[in-house]
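Consider the single chain below, provided in structure tokens and representing the form predicted on its own.
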Amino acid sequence: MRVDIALRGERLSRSFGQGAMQTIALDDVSLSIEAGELALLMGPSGSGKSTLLAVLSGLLRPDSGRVVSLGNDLWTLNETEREQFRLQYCGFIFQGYNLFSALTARQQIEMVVRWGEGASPREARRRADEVLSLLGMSRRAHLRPVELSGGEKQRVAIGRALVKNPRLVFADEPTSALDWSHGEQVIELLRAAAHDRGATVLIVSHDSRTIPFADHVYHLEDGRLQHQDESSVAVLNHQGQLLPYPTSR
């Protein structure tokens, strides 16, 4: 059966600083993620997870190696071409939310559809309201970021990433500011984007409750991908039950 690899990193390395102050964030990392797969990238703080996410998504140039994304050799594109690629195909969920202070929750999401896709104001509002409803934010749609809690801001950021049905979704700790009832809802939405709509979803997370939702789990430590015997590892699912380590489905 033909496997459709949507995102592939080949021998990626990235360091910061120079000389005695140099820190190696990525050390010869290679991985492949299939279309329609939700992949989870885990590891301790400082292990290089967010750096790898930035490199794979075209936000941070690696020192060496290549990224092939939807058939494009990403780091051979010029800056304008990469920006256009991200606009057309990628959805991002950042830890810092990156919301516009002057816009309401609804407007944050509408602008992606209006200016990114050229949709009419009516269509943009319909799609924004649909996503806000899925996220339990309909009654907060008129509020600006200063009036929202951290968890609510996170849900708006997630809605903004998903509203255009991107082919690639990059999520950095998407459940970190959420209680688990909302966190589970968000992970289910991300899994539906992968399994139902064929998106490729890469999530960076410390939250072990997200593991049972993943098709594949990568573990990064000291900038290197760790290969584990999956059959010998056990994890807790979101209901606290012991499960075997998940394998690709």
Partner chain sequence: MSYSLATLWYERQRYLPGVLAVAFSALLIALQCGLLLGLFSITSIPIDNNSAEVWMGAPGVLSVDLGRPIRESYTARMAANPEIERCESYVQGFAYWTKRDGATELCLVIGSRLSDDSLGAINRLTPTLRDRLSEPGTIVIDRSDQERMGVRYLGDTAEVSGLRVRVVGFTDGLKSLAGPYVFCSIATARPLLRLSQDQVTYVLGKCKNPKDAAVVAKRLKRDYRNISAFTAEDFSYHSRKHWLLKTKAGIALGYAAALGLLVGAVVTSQTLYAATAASLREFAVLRALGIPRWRMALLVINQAFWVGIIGVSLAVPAVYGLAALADRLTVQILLPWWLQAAAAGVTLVMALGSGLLALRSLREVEPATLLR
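Numbering follows the first chain given and starts at 1. If you're wondering where the values come from, they're calculated on a predicted model, not measured in any experiment. Between two forms, the rigid core is the largest collection of C-alphas that superpose within 1.5 Å.
Absent from the display: the form predicted together with the partner chain. The rest refers to it.
Though the partner chain is absent from this view, in the predicted complex it lies within 4.5 Å of a heavy atom of just one residue from L178, L74, C90, L132, which is C90. Contact with the partner chain in the predicted complex, defined as a heavy atom within 4.5 Å, holds for exactly one of R167, R127, R160, K153, namely R160. The candidate spot formed by A54, L59 and Q95 is fully in contact with the partner chain in the predicted complex: every one of the three has a heavy atom within 4.5 Å. Among residues of the shown chain, G136 is not one whose heavy atoms approach the partner chain to within 4.5 Å in the predicted complex. Within 4.5 Å of some heavy atom of the partner chain in the predicted complex lies at least one heavy atom of S50. By the criterion of a heavy atom within 4.5 Å, S149 is excluded from the residues contacting the partner chain in the predicted complex. The closest heavy atom approach of N78 to the partner chain in the predicted complex falls outside 4.5 Å. Applying a 4.5 Å heavy atom cutoff to the partner chain in the predicted complex picks out no residue from 25 to 49.
A displacement of 2 angstroms or greater separates the C-alpha positions of L148 between the shown form and the other one, with the rigid core held in common.
Annotation for G71: C-alpha shift under 2 angstroms between the shown form and the other one, rigid core superposed.
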